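Before any questions on how it binds or moves, here is one chain, the form predicted on its own, in structure tokens.
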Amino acid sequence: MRKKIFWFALLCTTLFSALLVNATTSHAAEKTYTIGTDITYAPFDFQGSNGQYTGIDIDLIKAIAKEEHMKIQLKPVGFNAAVQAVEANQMDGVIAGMTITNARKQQFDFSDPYYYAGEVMAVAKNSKVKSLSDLRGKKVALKVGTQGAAYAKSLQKKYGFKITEFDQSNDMYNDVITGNSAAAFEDYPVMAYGIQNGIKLKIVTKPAQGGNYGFAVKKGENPELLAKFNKGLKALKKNGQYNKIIAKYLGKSSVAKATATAQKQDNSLWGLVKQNKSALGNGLLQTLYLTIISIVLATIFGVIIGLMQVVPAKWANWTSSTLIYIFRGMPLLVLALFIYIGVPNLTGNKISAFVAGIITLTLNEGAYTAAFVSGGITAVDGGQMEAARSLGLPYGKAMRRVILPQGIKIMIPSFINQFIITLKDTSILSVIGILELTQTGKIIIARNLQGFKVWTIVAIMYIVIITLLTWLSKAVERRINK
């Protein structure tokens, strides 16, 4: 039995090693640069009604790539995920309305500036807040890591307001619209574009403490990419293409056209489903892929570690207890970021977001599975093992033939609950840029600003899938208990 457990553990370790090796990026003769972008930062980065990512940043990097004859792969993952991925060498560069600051220059090398923007304060349309001095004692909404957030924090002590931070621009806007916060701080073109396209806010201050946007690479890395960007940017400014890109999104005619288009769209629940059925379907499939693969791997991992917890071998007991303690005690969000960002920093090998997500769910859910597997086995009366051994059965056969069949019936409800938890936990993986159902919802909201309705649709989809999974699990449970 001990030898079998050892080989099972070795097999599990080999499987995870294979996943990590699969994540290593091979360099082709002609390098393809991976560029991270934001997903909810219109008019610089957002998803259009046709499902394609668009915006000033997107059009600009594509035009520069064409001008400089270089291959790029865009990764719309969100501002924080993109920045952290570049720091971890998961991506080669980031273009996401990123303001060039002295603090960021410690971590990144920046291109020549490609846009200048000032910071403004916006409030709800019916708000009585008209200036910064009206914020004393009130709460302000900010987006994590942005220049708007930095500007607001520099004013906090002087004007005495409190701060709440969000990962997505739309969440920040809605916190002000619903009255939870009195104001939000944002780059002027972003806020102006959003208001023109339906956000129920108004700007009450003039642009201040502006900053230059720049394309960034990790400090000391990819100098050739930075040089190509600068060269391409100069060429676009010289031939007039740069001005055309800016005018496309910030010119008066384009704003009016975008507003008119937004007003014509059917924003009912069913209308939103029809408009976004392809994106929602793809997000749902990604969620199911993550869930199914993770459930299978987590069950294998959990059963092996759970059995190691109960065998009469101290090294196996100690190893199992340690693994359960670490992976069950670590928050899933932290574990995901550690695997996706931390491991590449330690090993120098890239890990795809999908593989990192699978490993994260397998380790976390597997630790919980191991705990109830060992609990289910120990719940079987100890006399059962004694009786089996007294009849001459070796330990391994007694475990397989006598203990496990009884223990499995005890474990079934816990397995069902863990399946459902795994499905719901996939939503946390949006933090590393996996385009599952929750991340898809964020992207759709960034385009149409229908937060309540889109989250209602996403919630219904989760409930339907969880209900079907529960029915299936219950059917399996009834079949086993017959």
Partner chain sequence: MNAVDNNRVVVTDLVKNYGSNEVLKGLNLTVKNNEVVCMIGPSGSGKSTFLRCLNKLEDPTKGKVVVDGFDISDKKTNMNKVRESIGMVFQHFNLFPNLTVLENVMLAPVELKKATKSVAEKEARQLLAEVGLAEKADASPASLSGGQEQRVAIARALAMHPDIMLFDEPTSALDPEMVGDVLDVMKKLAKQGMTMIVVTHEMGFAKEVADRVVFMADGHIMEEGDPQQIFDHPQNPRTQDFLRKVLNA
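Predicted model only: the values in this text are computed from it and were never measured. Positions refer to the first chain, counted from 1.
The form predicted in complex with the partner chain is left out here; the points below concern that form.
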query = Even though the partner chain is not shown here, does residue 203 get within 4.5 Å of it in the model of the complex, heavy atoms only?
reply = no
query = Does the partner chain come within 4.5 Å of any heavy atom of residue 393 in the model of the complex?
reply = yes
key: is_contact(residue 388, the partner chain) in the model of the complex, heavy atom dist at most 4.5 Å   = yes
query = Contact between residue 397 and the partner chain in the model of the complex at 4.5 Å, heavy atoms?
reply = yes
query = So which of 223, 179, 348, 383 gets a non-hydrogen atom within 4.5 Å of the partner chain in the model of the complex?
reply = 383
message = By the heavy atom within 4.5 Å rule, which residue out of 329, 405, 240, 312 makes contact with the partner chain in the model of the complex?
response = 405
ask   = Quick one: which of 163-171, 332-340, 277-285, 397-405 gets within 4.5 Å of the partner chain in the model of the complex, going by heavy atoms?
value = 397-405
